[in-house]
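This document opens with one chain alone, in structure tokens, the form predicted alone.
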């Protein structure tokens, strides 16, 4: 998972909240709570990085926390909030 390239789906809007953010998908109408500011920071930074691991490093996420972020990002991808993209673009 950590070697994959993901980005925020263009049909998804993030709305900042005190607890993190709300993610709303305009296509499938799903609403998801991102319950930690670090998760929001990582999701917002995904598009500018080559891999998820590079994103976590750029966001100063401690490596012991990476598995929980990988799980959260996998869940967001399953909900179509994130999608895989070509890192060479």
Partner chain sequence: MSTTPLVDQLKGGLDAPICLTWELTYACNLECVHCLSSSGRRDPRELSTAEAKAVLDELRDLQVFYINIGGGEPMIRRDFFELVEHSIDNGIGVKFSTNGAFIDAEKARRLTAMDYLDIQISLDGTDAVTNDAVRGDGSYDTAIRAMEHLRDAGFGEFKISVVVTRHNVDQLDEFKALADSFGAQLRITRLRPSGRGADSWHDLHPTAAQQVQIYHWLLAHVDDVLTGDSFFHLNALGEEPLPGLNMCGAGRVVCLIDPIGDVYACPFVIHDEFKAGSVRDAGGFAQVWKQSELFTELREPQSAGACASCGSYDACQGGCMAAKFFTGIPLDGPDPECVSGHGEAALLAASAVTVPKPAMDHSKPRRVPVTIGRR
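These figures come from a predicted structure and were not determined experimentally. Numbering follows the first chain given and starts at 1.
One more form of this protein exists, namely the form predicted in complex with the partner chain; it is left out here, but the text below deals with it.
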Going by a heavy atom distance of 4.5 Å, is residue 80 a contact of the partner chain in the predicted complex?
no
Verify the contact flag for residue 59: yes if a non-hydrogen atom of it lies within 4.5 Å of a non-hydrogen atom of the partner chain in the predicted complex, no if not.
no
Just checking whether residue 14 would be counted as a contact of the partner chain in the predicted complex - the rule being heavy atoms within 4.5 angstroms.
yes
Any of the heavy atoms of residue 52 lying within 4.5 Å of the partner chain in the predicted complex?
no
